[in-house]
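Given as structure tokens, the chain that follows is alone and in the form predicted on its own.
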Amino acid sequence: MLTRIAATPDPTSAEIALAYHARTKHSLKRYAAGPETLDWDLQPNPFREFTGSARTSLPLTTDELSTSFAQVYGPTGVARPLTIASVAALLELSMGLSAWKELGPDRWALRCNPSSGNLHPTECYVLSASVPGLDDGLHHYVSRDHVLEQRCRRAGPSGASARLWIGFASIHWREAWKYGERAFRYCQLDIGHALGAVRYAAGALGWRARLVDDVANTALSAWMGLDRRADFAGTEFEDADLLIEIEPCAATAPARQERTPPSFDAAADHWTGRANRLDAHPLYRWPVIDEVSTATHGGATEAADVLSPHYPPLPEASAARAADVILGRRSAQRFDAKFTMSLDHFHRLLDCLLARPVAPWDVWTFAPRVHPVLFVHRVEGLAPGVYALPRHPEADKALRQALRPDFEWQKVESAPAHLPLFRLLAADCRAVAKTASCHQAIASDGCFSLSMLSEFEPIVGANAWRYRQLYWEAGLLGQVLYLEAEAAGLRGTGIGCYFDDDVHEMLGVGTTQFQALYHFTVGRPLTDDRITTLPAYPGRQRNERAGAAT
């Protein structure tokens, strides 16, 4: 008699995302699967181009922007008109180069949007309609040259007002080349940083930006031309991530159904260009990245979350030009281990992480789900130790239940009354912070480091797309810390390498209700005088004529 064996059901999208997360954890005993060796001479090309697409050279106009960094956080009343010149400034301040660096025979580019390992998997696309000086259709931004490549020309409605959208896609191989299976996490963190970079850049122009969060991956791919397989034949695939609507004034946002690009006659589109190959001889394959990418396609399926309670306005920020702060941002490589930061700067950094209806959080439509747990080393007037910043009231209760029962949860009296900063443990935690962050000294030598602890399995279990989106939120937090540290005369550094479950065990997290998604550190940087800094666009003249063909 034959025994019938029940078929094993296929895993759900959420189960695939959760399994990927568990599989790609680092631990003190082993690192997540990655390449056994690296040859930096064979690093993938960090710049995608489309051969055969017409190029439009963009002007360098950021010297004209007088907006202060403080004004980025609120309406300035001086919104720039939406033209090719202002689009150029938006791209330069968000996705453009900020400098070139040289050390001996090595030369590498720095960009305004930070990236794990400076590998830059994020590709930027521009969808334009009735923008003066810019053809209607789809354009790809090449940051190295500050040019737009026109991928698709389409006729927009005559007489319509100017509109603009920014699309992001990821080339996972750029990160996987160095980081292996964990690379998908880093690609999503980079998307969060890029989202913040666009919002801050828009603020420097007096504009707003809004995440279009309810579109399917198929629609995103079609809008950005990523479903045109022949144009990518033999090259690295790009995965559509998100779409941002640019609002060129501080007016009330249009209705949700109007935020997507207008409908068009696809038969009338004129497409050009073929993608370049970035790595001619890839040595590894990480199929689990494709699996989790497919499983987490989608968009918001639930109504927008209720945002956090009302907070008082932020204290006045730096009067420095926003463009100078943005273009000056760097990732610190080493910190002064003896420097102590001021309490006021510390409180402001944390205050900016609270969700308010101002930049950058007005780009977001979800309640805060990522909550910093801080390892404070040297902050004036604050005892060294472990602190927590629950970013909404319900998280306060959940974190108290999830973390170690012997934590103090003592409200920090010196903090502003509205700032939910709690001391959990008074202790010198420099060695612990260093060990937890893969033995990296930047986590102990900075003035403080932190672990971004996210509400996790219940959210991902309900919608696998939220796995990506939680990482975007963590990256957005990181972008705030980067720019606020820069404005305060300090520097930040994102840390993607940390020992996941060892961090959880240290904090008492025994389930997957919360998970650490990102580490970060802030302090006073030590510079390496051997490294030479060169202009981002040598040979280019500022304020040159827009639209010059190249």
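Everything quoted here is computed from the prediction, not taken from an experiment. Numbering starts at 1 and runs along the sequence shown.
Keep in mind that the form predicted together with a small molecule is not shown, yet the notes after this line are about it.
Novice: Among 78-86, 439-447, 279-287, 226-234, which stretch has residues with heavy atoms no more than 4.5 Å from the small molecule in the predicted complex?
Specialist: Flagged stretch: 439-447.
Novice: Check each of 329, 466, 208, 163 and return the one that places a heavy atom within 4.5 angstroms of the small molecule in the predicted complex.
Specialist: In short, 329.
Novice: What is the one choice in 70, 488, 32, 497 with a heavy atom within 4.5 Å of the small molecule in the predicted complex?
Specialist: Contact residue from the list: 497.
Novice: Mark residue 493 yes when one of its heavy atoms lies within 4.5 Å of a heavy atom of the small molecule in the predicted complex, and no otherwise.
Specialist: Answer yes; at least one heavy atom of residue 493 falls within 4.5 Å of the small molecule in the predicted complex.
Novice: Counting only non-hydrogen atoms and a 4.5 angstroms cut-off, does residue 385 reach the small molecule in the predicted complex?
Specialist: Contact with the small molecule, no.
Novice: How about residue 473: is it within 4.5 Å of the small molecule in the predicted complex, going by heavy atoms?
Specialist: Residue 473: no, not in contact with the small molecule in the predicted complex.
Novice: Indicate whether residue 114 is a 4.5 Å heavy atom neighbour of the small molecule in the predicted complex.
Specialist: Answer yes; at least one heavy atom of residue 114 falls within 4.5 Å of the small molecule in the predicted complex.
Novice: Check for me whether the small molecule, as it appears in the predicted complex, comes within 4.5 angstroms of all of 13, 16 and 456 - heavy atoms only.
Specialist: No.
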